[in-house]
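Shown below, as structure tokens, is a lone chain in the form predicted on its own; questions about how it binds or moves come after it.
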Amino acid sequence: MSDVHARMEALEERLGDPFDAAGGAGFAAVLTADEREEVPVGGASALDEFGILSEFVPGALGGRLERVDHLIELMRSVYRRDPSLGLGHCSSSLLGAVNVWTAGSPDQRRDTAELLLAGHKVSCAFHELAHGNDIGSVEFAATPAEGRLVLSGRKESITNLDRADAMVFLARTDPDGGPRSCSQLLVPTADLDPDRVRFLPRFRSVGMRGVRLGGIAVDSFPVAADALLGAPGTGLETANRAFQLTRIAMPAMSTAMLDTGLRVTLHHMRARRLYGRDAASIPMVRTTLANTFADLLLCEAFGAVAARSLHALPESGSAYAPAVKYLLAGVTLDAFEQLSLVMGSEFYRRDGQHGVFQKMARDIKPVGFGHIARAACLSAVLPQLPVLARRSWRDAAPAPAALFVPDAELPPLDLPGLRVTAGGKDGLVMALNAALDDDVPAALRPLIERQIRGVRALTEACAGLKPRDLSIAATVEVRDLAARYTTALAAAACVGVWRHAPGDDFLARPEWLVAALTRLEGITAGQPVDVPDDVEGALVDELLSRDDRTVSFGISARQYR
């Protein structure tokens, strides 16, 4: 299965109709497994038979990972059925593996590829409860002694620690601290000495209940010096480069949960009658459905463009990745809150045909803090703003068309070539200017012009920021500049997707872009804004049509089971 579209269809077929009560990966099986705090056995078996972990292995190492946007779209088939299955059985291994692909030796890359191709898991042991997202403060130590490294410390709330076949640790190798005080190590589980290593009891969680979160306590366990990934002291740098992929890919995969939440809400409303008419025709319900549809489209457009940028604009990943994580997490969380109001009392059902909604509403929560929290994403973007403002945002050079066109030819993914900072390079946000060169529909022009004026204001505000303004203690007003940058990027991505969509495609119509830019204006202002009345009907009609045809509600509009 070399063609990704054939693999998407094959995966959908193998996982089956999620509304089929007898399906092994259907919502009924997912809910039953969730009550046991497990993932559905039938779903896990289907993914193993498909060889899902091969999707995370670069093609040069025998796997099927060629493009990040394709990986995201394929994994949405899993996340839309069960996010616990998506994270716990699949993409948690990506978190560890990307560090190996980025900085590992040829032998480490080969060995890790062989593990994943054989269906074994790799765990990413970075976080410690005492330090949260501040991974630079880890206390887990790797101390040089007699030509080896001696590991000591604890790692907690880590996915699959107790059943992985290899672990990537982030450890302190220089007790004096500093940016080069941490290193990464790749350790096969088979090498662990049970007298010096103890697995901690599983952490239970409200959402993602099927994901096995655990910990490990290590007491003076020696490993060979060649366990290091890259040079000593480069652990944080490697993470900052490798996680550009996962901070784009994993939130983008999570939009499939919103697809399911929207689909279940739509089914519920289409089946109900209230006040003598179909519930789906009630104005408040129609507006919520249209808002959510627009939110889903803008999230997927931004995610897809950012994913392609890792190939086409690899120098900008350090700015785009935290921006995607921040914006997509906020939009999807808010959208679920609005859908839950429409679901009403049915929102609380844990069984039946709508029971999966409450599971998705719980499982979506970690998108706001898992891997890296939204606040930490703004902290990652903030120091780059002054340089971006001075070097890029006054330049109206058009963005590469390949960013916006599905299946356009892209350069190969070069994870070792990703950079820790963008160096002031941003080839996306100024795509807004290019849009005004076209024959822009009247409804769109003022929206795009306001976005451009917003970027100009952002440029002036950011160019004057001083280093003292950019620390972790930055004021709310300064952090808001980083948040405004994320909406400007998303707007540019949406405009680019609209401009390059085929003429007969829904994405080529102005209605969805009017809705998306309106929603982004509301996010920027901190005050949600409904999609305009004159485009609401077009969005609801498209939503109903896609539901009738069982195609996805996202930008791909691909056939679902």
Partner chain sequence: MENTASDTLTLDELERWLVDRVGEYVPDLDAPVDPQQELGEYGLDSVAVVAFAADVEDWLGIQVEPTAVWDHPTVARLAAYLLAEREQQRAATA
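Since this is a predicted model, take the numbers as computed values, not measurements. Positions refer to the first chain, counted from 1.
Quick note: we don't show the form predicted in complex with its partner chain, though the next part is all about it.
Remark: none of the three candidate residues (Q108, H120 and L192) comes within 4.5 Å of its partner chain in the predicted bound form, counting heavy atoms only.
Checking D165, D259, E237, E346 for any heavy atom within 4.5 Å of its partner chain in the predicted bound form turns up a single hit: E237.
When you look in the predicted bound form, the only residue of A217, V420, A443, L436 with a non-hydrogen atom within 4.5 Å of its partner chain is V420. Looking at R468, you'd find a heavy atom of it within 4.5 angstroms of its partner chain in the predicted bound form.
Its partner chain is not shown here, and in the predicted bound form it never comes within 4.5 Å of any heavy atom of T332.
Residue contact check for P398: none of its heavy atoms lie within 4.5 Å of its partner chain in the predicted bound form. The closest non-hydrogen atom of H267 lies beyond 4.5 Å of its partner chain in the predicted bound form.
Stretch 375-383 is the contacting one of 125-133, 375-383, 196-204, 332-340, since its residues have non-hydrogen atoms within 4.5 Å of its partner chain in the predicted bound form.
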